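One chain comes next, on its own, written out as C-alpha cells in the form predicted alone.
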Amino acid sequence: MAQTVRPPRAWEAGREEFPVFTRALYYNTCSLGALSRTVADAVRAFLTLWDELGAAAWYGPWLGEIEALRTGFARLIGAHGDEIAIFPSVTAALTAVASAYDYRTRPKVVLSDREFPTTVYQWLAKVRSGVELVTLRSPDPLTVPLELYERAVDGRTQLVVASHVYFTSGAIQDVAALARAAHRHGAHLLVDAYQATGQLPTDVHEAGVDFLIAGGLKWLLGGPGIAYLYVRRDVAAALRPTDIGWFAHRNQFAFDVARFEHAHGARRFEGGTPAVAAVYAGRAGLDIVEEIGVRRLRERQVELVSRLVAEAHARGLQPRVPAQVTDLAGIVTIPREDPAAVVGGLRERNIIIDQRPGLIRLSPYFYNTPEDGERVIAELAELERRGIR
C-alpha cells in the first residue's frame, strides 16, 4: 500500500472546503467534482461585477479572467498559453478540430470502442462526408492494447483519437506511445483527457501529443460550462478550422465582416463568447488543483484507490481493475446486475456514486479518506447480502 502523502489531518482539513460532506459521503468525482466554497465565491464575484459594472466588466476583469484561465490551464499541462483554446464544452472543441482537416487524401480516423460517445459521434457523423472510421475492439473491459493502434495506423490515417483514462474502467493509456505510433505515419493524435487532467501529471510537450481536450466538470473542480483544447503550436499554424466564431479572429474587436483572418495559435479554433460565470468557476477550481499539486494528488489517489481495491477484494466484490493499481486512475468499477438499484440503495445511505451499463463507478479524490472507501464497500456488501447487486 502507498504511504500517506500528507498527515491525515491536513487532507481532512481540505475536506471542509466542500460543503457536500456535511450532508453525504461524496464518492463520484469521475462524474462531477464536488462544489467548493472557493468556486461558489468566484461565481458570486462574477455576479457582483455584472451587477456593478454591466457591460464594462468585459473590458477589464472578464477578458482578463479568460486569459488567466488560459494561462493557468497551460501551466497545468506543460503547454504555452497560446496553445490553449477555451470552449463551453468538449463537443464544441471537437467540432472545431474536425473542421480543420481535408479528409480526401487521408480519410482514416482511428479510435476505440472504449471512448466516451462524444468523441466517437463527432467522426461517426462525418462518415457520409468521406471519413473512414476505424473502430478498434478492446479485448477486455479495461483498456486497448497499443499494438492494435500500431496495426491500424497507416499512411491514410489523418487522426488517432484515444482517452488518457478510459471512463468505464479508469485504466490509464500510454499516450506518449500512441503519439509516436501516429507520428510514424504522419498522423496526428488527439487525446481525450477529461478523466485524466487534474489527477494525473501531464506534460503535453514531453508526451508529444498534438491535441488534448479536457474540462472543468470533474477533476478540475470547476463545474460544467468550461472546456479546454490544447493544440501544439506547429499543428495549429498548419490548420484552418472552419467551424469557429468571432473569438477565432486575429483582431476580433475590429468587427471586420469583410474578411476573416485566423488568430495565431490555438485561439483560431475558438467559437463565440464564452460563459463567463463558468470561466470564473473554472479558474477557481483550477487554483485548488494547482495549490495542492497534481503529483501530490496522484500519490493520494494511488493511496485511496489501493485501499479501496483491497477492501473490495476482501469482501468478494470482484472489482474490474488491472493487475497493477498504479495503472488505474481514480475510477474503480464493479460489475452489478442492477446498477441503478445499487446506486439508489447507497443514496438512501447518503453515499453518492454513479453507474454505467452493467457496472457502478466508485471515484475517490483528495477530499475523501481511506475510511470513506471502507464504508462504501461495506455498504455495497450489505446491499449484496440483501439481494441488491
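No experiment lies behind these values; they were computed from the predicted model shown. One rule holds for the numbers: they count along the sequence shown, beginning at 1.
Just so it is clear, the following notes concern the form predicted together with a small molecule, a form of the same protein that is not shown.
- Per the 4.5 Å heavy atom criterion, the small molecule in the predicted complex is contacted by stretch 116-124, the sole one of 256-264, 278-286, 116-124, 231-239.
- At the 4.5 Å threshold, heavy atoms of F167 reach the small molecule in the predicted complex.
- Not displayed here, the small molecule is approached by T91 to within 4.5 Å at the level of heavy atoms in the predicted complex.
- At a distance threshold of 4.5 angstroms between non-hydrogen atoms, D192 is in contact with the small molecule in the predicted complex.
- Of the heavy atoms in H188, none are within 4.5 Å of the small molecule in the predicted complex.
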